[in-house]
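Next up: a single chain in structure tokens, the form predicted on its own.
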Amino acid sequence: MRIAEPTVERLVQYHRLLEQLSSEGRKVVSSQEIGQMLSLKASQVRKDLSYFGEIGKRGVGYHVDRLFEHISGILASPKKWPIALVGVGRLGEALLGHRAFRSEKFDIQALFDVDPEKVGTNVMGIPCFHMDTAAEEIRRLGIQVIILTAPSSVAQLCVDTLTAAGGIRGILNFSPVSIVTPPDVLVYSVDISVELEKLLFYLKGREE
């Protein structure tokens, strides 16, 4: 089943919200309440959730724990993905320290950088290797996913080196530059400056 990207993003939002509601002891929640808490239309919530089977009752709502388990199953990974982070600067270290990057779905096994003060050390318990050995380590560890936080000036060079090693399936790109990859490598880019520009654009529209 091919699921549109916005739907997947909303599923992740539902999952986080339900986890929070469950921890608060909430038993039942309606599509209206979910919509209000996530700034979505109730009709959109119902459409998204019915897409994966009828799991709510009209006039009653959704059982929080049951819906949480249902969405957990949809989002569940078939395996634990081996990941490497490239570029251990301020952003890279911030991501490593974020609890969202500690998950049963993936394991950050290696870091790559060129800073002699970081290479050969462990950063937050993860070994840091020099980029010159990246291809070798990628193959040795079976890395399949890359988190790219390298400076824009070297981002493409890093990507070329890593993908040439073989085995890379996906890249989460935080570098503020477009990158080119082989056709079998899936890329998702997260450009914080673009998201901020979008927010300011919509805020301007509201004021006008």
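Predicted model, so just to flag it, every value in this text is computed and none were measured. Residue numbers run from 1 along the displayed sequence.
Although it is not shown, the form predicted together with another copy of the chain is what the next lines describe.
- Screening 179 to 187, 158 to 166, 42 to 50, 61 to 69 for residues having heavy atoms within 4.5 Å of another copy of the chain in the predicted complex returns a single hit, 179 to 187.
- Screening I126, A135, L95, V119 for any heavy atom within 4.5 Å of another copy of the chain in the predicted complex leaves a single hit, L95.
- Taking a 4.5 Å heavy atom cutoff to another copy of the chain in the predicted complex, the contact residue among L38, L141, V28, V154 is L38.
- Contact check for S22: every heavy atom lies farther than 4.5 Å from another copy of the chain in the predicted complex.
- Using a 4.5 Å cutoff between non-hydrogen atoms, L75 counts as a contact of another copy of the chain in the predicted complex.
- Shown alone here, L91 lies within 4.5 Å of another copy of the chain in the predicted complex, counting heavy atoms only.
- In the predicted complex, another copy of the chain lies within 4.5 angstroms of at least one heavy atom of each of the following residues of 131 to 152: V145, I147, S152, in sequence order.
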